[in-house]
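One chain follows as structure tokens, the form predicted alone.
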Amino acid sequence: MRILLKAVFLTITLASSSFGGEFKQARWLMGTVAEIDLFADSETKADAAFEAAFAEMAKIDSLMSNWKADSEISIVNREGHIRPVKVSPELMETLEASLKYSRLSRGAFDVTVGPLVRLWGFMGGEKRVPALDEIVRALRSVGYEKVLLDSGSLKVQLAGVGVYVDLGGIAKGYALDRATLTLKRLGIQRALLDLGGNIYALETRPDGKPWEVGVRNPRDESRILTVLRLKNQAVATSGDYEKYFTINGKRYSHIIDPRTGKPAVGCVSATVVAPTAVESDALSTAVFVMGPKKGFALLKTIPGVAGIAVSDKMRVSKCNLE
């Protein structure tokens, strides 16, 4: 059983191993551990599948990483307020999905939250509580409606200087979906993919049993809240234990509410199960920001989606789960 974690460093072995047709490999990709557990007829077929799937993840990272100066998203952020920037179909598809979930969540999920994340020191700066006037100024550059897409010509434009697109809340999910599609095209029928805690379960294990994923207690990583049994489903968790700082006994999470400019409150972790990893990735952030009540109201409008949330009072609630 895999324990659902996000942004956690693991000890890994990079060599493949087999056991009754089961093969595993792990790589360091997108700033985290990418791990694939699959079943194949031979080690040769498994190795080819690993190479192709990891290469697809690396490709998405090269397009969407804000830490790479030559990535497409970095070029959009530098030049998009000056002129429309031509992008790849992959980046356009991710931006379209980003705006879709921004609209559905009424801005709780918003890929333009970058200026606020930077202001609070979660983009490599000094972590601090900014003054109210600083937050107000940063908020002027935030708003998903400032990302203008021309899907037909694959061009992106940003409405204003200072608008900054950060795909950290959806790019891993998209990379996971692309890697899963790659495995399917190569004839892999059963696999479990994990990219930094974003997980996709392809079909079942050979014995017909679903893949099992444990959801951790956000305040005690040695304990599990529940076990999810997955088949052709993705799961992701957003939690305040991933990146945070504490001042005068108060915890400030890296998950910023784009509507207020401050760290989201009321929730300590939100887990979403969905048909695709893009959905689970974006919606886990949305539910965390919105809180269990409003977040679950959103999930109930989306087919095939379920969730688990832990409030700041450590109350566990579930949506569309037995």
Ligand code: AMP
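Everything numeric in this text was worked out from a predicted model, so none of it was measured. Heads up: residue numbers just count along the shown sequence, starting at 1.
Here the subject shifts to the form predicted in complex with ligand AMP, a form of this protein not shown in this document.
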Only hit among Lys155, Lys243, Arg178, Lys231 for heavy atom within 4.5 Å of ligand AMP in the model of the complex is Lys243
If we test each of Pro115, Gly80, Gly168, Pro218 for a heavy atom within 4.5 Å of ligand AMP in the model of the complex, the one that passes is Gly168
The stretch from 24-32, 42-50, 57-65, 256-264 that lies within 4.5 Å of ligand AMP in the model of the complex, judged by heavy atoms, is 256-264
*How about Tyr174: is it within 4.5 Å of ligand AMP in the model of the complex, going by heavy atoms?*
no
For this session: Give a yes/no on whether Val289 approaches ligand AMP to within 4.5 Å in the model of the complex, heavy atoms considered.
Result: yes
| task | Please check if Ser238 has a heavy atom lying within 4.5 Å of any heavy atom of ligand AMP in the model of the complex. | result | yes
Applying a 4.5 Å heavy atom distance criterion, does Leu202 contact ligand AMP in the model of the complex? no
Contacts from 101-122 to ligand AMP in the model of the complex (any heavy atom within 4.5 Å), listed N to C, are Ala108, Phe109, Asp110, Val111, Val113, Val117
